[in-house]
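Coming up is one lone chain in structure tokens, specifically the form predicted on its own.
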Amino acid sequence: MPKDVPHVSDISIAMLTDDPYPCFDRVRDRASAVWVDSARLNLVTRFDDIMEIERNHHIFASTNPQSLMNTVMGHSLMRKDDEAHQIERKAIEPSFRPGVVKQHFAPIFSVIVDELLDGIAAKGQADLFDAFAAPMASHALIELLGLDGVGWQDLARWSQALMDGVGNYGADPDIANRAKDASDAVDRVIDKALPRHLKSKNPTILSSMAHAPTLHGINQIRANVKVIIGGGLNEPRDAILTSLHGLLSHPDQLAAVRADPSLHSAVFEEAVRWVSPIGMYPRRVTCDTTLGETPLKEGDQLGICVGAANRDPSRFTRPNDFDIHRPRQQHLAFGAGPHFCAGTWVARQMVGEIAVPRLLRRLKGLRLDSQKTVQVRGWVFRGPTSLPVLWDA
């Protein structure tokens, strides 16, 4: 435990996984950074403190030799700063440009959504995690990346294993082994697909990286693909489910969206604020400094809890409520600063413009199944793990 930093010893990983928000409230009320024994990190939960960190990446660095992400995925752009980060970010940007997303990928996403809905529309009931959100996000990511011969269930399993590995702050060996197996499997599918993209340039992410003059070596491609498989599947999947959970739990807001489909953009932004799919990421302190009222030492490890900042009562009125009518203001679901999520435009298109609107149009009378329970879990990554619903088939 770092000296002079407030600490909490009675918050467990299980408590954070089940419902992190009461824990976040305790930490936020205590100090700008609080050492939590179970997480082995100084958690930062206040909106303004996180903005301060993102404005000063020379003091609060993404580059971190101790990062679990480096161990699980390799040294990706997410754990680099300055020129090293920019080189790798520019290598993937061609695939994420708004025009490319709207003109090339959005029609593909629409076909995926329609085919999934065709398969369940007559059933009248489903758990939308397995029946829609997970396959939707997986199929879309396979197309974005340009992978060959990969089933959506495999990609979903690999993504979950990698994300569990990155969030394995309790050092569970079974989680670490599953993450290693997933990492090896991703390496194999990259090696299979890469020759095709080297021969023919196209809008996919693998093609963009294969033809980037600044990338040198397969390990850069492998590490960054694994990062994208994690966030690029987890985030839209969970945003779809959280959007639907929020609307179906608030019939008045659902009615407003049905009457005015232009509100779908507000639904998406409120959903990722309310339950941020990527809830925490690490930073490393590069020199002795002070964050708010908390002294920090060189080498201290920080957990940047954007899931907590997005419910900071100093920033948001009634922060624990899902409210698509709240005034539009900046949230941190996609981070901030140089590491602002490159896939933001993809997620907004996929979830807010295509997946959720089409699902609500197709599944008439959509409602929560009152005989079953919605399950939401996680704190490093958080979202519904089960969303049982009924509709009028």
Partner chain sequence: MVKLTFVQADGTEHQVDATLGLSVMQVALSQGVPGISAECNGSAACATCHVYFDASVFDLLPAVQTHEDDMLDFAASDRNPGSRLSCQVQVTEAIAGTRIQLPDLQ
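The model shown is predicted, which means the values in this text are computed figures rather than measured ones. Numbering follows the first chain given and starts at 1.
Not on display, but discussed next: the form predicted in complex with its partner chain.
Exactly one of the stretches 99-107, 158-166, 137-145, 228-236 approaches its partner chain in the predicted complex with heavy atoms within 4.5 Å, and it is 99-107. None of Glu93, Asp130, Asp181, Asp172 but one reaches within 4.5 angstroms of its partner chain in the predicted complex through a heavy atom, and that residue is Glu93. A residue is said to contact a partner when one of its heavy atoms sits within 4.5 Å of a partner heavy atom; Lys364 fails this definition for its partner chain in the predicted complex, lying far away. The closest non-hydrogen atom of Glu54 lies within 4.5 Å of its partner chain in the predicted complex. When contacts are judged by a 4.5 Å heavy atom cut-off, Pro357 does not count as touching its partner chain in the predicted complex.
Using a 4.5 angstroms limit between non-hydrogen atoms, Lys297 is distant from its partner chain in the predicted complex.
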